[in-house]
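In structure tokens, the next block holds one chain alone, the form predicted alone.
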Amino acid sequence: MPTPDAPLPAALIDALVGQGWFEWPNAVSDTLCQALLSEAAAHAAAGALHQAGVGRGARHQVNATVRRDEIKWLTGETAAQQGYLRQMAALQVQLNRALFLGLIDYEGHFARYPAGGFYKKHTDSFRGAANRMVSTVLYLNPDWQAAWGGALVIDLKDPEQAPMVITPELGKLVIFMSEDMPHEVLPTLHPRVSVAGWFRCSAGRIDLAR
């Protein structure tokens, strides 16, 4: 993971501009991922996770036919969260520097999918709203088996191309443009944990293809 003064991988910038998404294996250290995973497990054991909903504001509702995961928002109150949020702040600086996105802040939450959990196809931001510009997902699952399901499936811009299927392996970070990339989480046969997050922008929509 970069620091504010270290450049991002060139492949990341090229991928975001050209295809709208980037898969970054081993982006975050195992040590930090394990600390975040332990924290998520403690929240689950304490009943501190709550059922995720769909929609925002007055339209927010819990709908188990659309998504079936439990979440808890990051507050930065623990060392593990602080470490991860520092890395996201560095990523924000670098994305702004490379792509002139005008990202102003970051929000994120733990997401735990129990066995049988899923999230049907959706986008993370309404087109033109610019409330969420860039999405991130960090996976916290050691020794994940492909047979367990739970993959992230991203529709590609070229409709003739098959969707991209990404396994939720420990330390992997997926970055994609929030408005442009429909995606879903396939049903999982094993509990699956991640940190989902979004960089937000105060201005109107920015077209990377301009």
Ligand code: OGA
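The numbering used is simple: start at 1 and walk along the sequence shown. For clarity, every value in this text was computed on a predicted model and none was experimentally measured.
This protein has a second form, the form predicted together with N-oxalylglycine, left out of what is shown; the following refers to that one.
- Message: Quick check for you: of 177-185, 29-37, 42-50, 157-165, which stretch puts a non-hydrogen atom within 4.5 Å of N-oxalylglycine in the predicted bound form?
- Response: Stretch 177-185 is the one.
inquiry  = When the contact criterion is heavy atoms within 4.5 Å, does V137 count as touching N-oxalylglycine in the predicted bound form?
reply    = Answer yes; at least one heavy atom of V137 falls within 4.5 Å of N-oxalylglycine in the predicted bound form.
Is L152 close enough to N-oxalylglycine in the predicted bound form to count, meaning some heavy atom within 4.5 Å?
Contact check for L152: yes, within 4.5 Å of N-oxalylglycine in the predicted bound form.
Point to revise | Contact test in the predicted bound form: R97 vs N-oxalylglycine, heavy atoms, 4.5 Å | key: Looking in the predicted bound form, residue contacts with N-oxalylglycine do not include R97, since no heavy atom lies within 4.5 Å.
Next on the checklist: Contact with N-oxalylglycine in the predicted bound form for W24, defined as at least one heavy atom pair within 4.5 Å: yes or no?
Outcome noted: W24: no contact with N-oxalylglycine in the predicted bound form.
* Residues of 177-202 having any heavy atom within 4.5 Å of N-oxalylglycine in the predicted bound form, listed in sequence order -> If the 4.5 Å heavy-atom criterion is applied to N-oxalylglycine in the predicted bound form, 177-202 yields H183, V185, R192, S194, A196, W198.
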